[in-house]
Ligand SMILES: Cc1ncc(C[n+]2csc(CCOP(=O)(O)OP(=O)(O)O)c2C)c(N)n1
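Taking the form predicted on its own, here's one chain by itself in structure tokens.
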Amino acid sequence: MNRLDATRQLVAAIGHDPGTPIIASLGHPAYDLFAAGDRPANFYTWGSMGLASSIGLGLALARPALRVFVVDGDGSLLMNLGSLATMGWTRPENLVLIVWDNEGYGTTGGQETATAHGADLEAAARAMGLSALTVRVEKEFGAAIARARTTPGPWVIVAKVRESGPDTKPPLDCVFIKQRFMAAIGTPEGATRGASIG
């Protein structure tokens, strides 16, 4: 399964609801999400490796009426496995964490991650009390998304993917990304761009 194609499948599955947030880990998960279909409810993270799962968790806890999706990489999640423990403890039913497991650090040169040597993210998630499964083909992934959209979570879907490496990158203006996202989820905030300090 190609990561970009799987991302497109995810966006298509939730595309009828433009207010459904998708939090993307930095690097290729963000590039793929942008290429699959930029929308205001996409939140692209920068300079925050390992934190997409925690950002999604915080949003899911703060906004229980929203179904929150996170697209993370295996390398990023391995940097913050503690987020799985917190998900298992707090149990937000509206959280769906998708881990693109390509068994490598795609953004930094393709170095192998621990999943290339037997680390099992599904087993780790289950050990923390989460509903988890591993998928390898698009049909399985589609079924997992459909189930996670209607069945209380929190869910962890480990998707074994091949690298896709899109050339398109989302805007790098972090303030713009944040303000557009907050408006999309119904919590607009005042503009800060160009504001004086002091």
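In this text, residue numbers run from 1 along the sequence as written. The structure displayed is predicted, hence computed values, not measured ones.
One more form of this protein should be noted, the form predicted together with this ligand, which is absent from this view; the next part is about it.
Using a 4.5 angstroms limit between non-hydrogen atoms, T107 touches this ligand in the predicted complex.
Proximity of S83 to this ligand in the predicted complex falls outside the 4.5 Å heavy atom cutoff. Although the partner is absent from this view, P29 contacts this ligand in the predicted complex, with a non-hydrogen atom inside 4.5 angstroms. In the predicted complex, L133 stays away from this ligand, with no heavy atom inside 4.5 Å. Applying a 4.5 Å heavy atom cutoff to this ligand in the predicted complex picks out M49 as the lone residue from 46-67.
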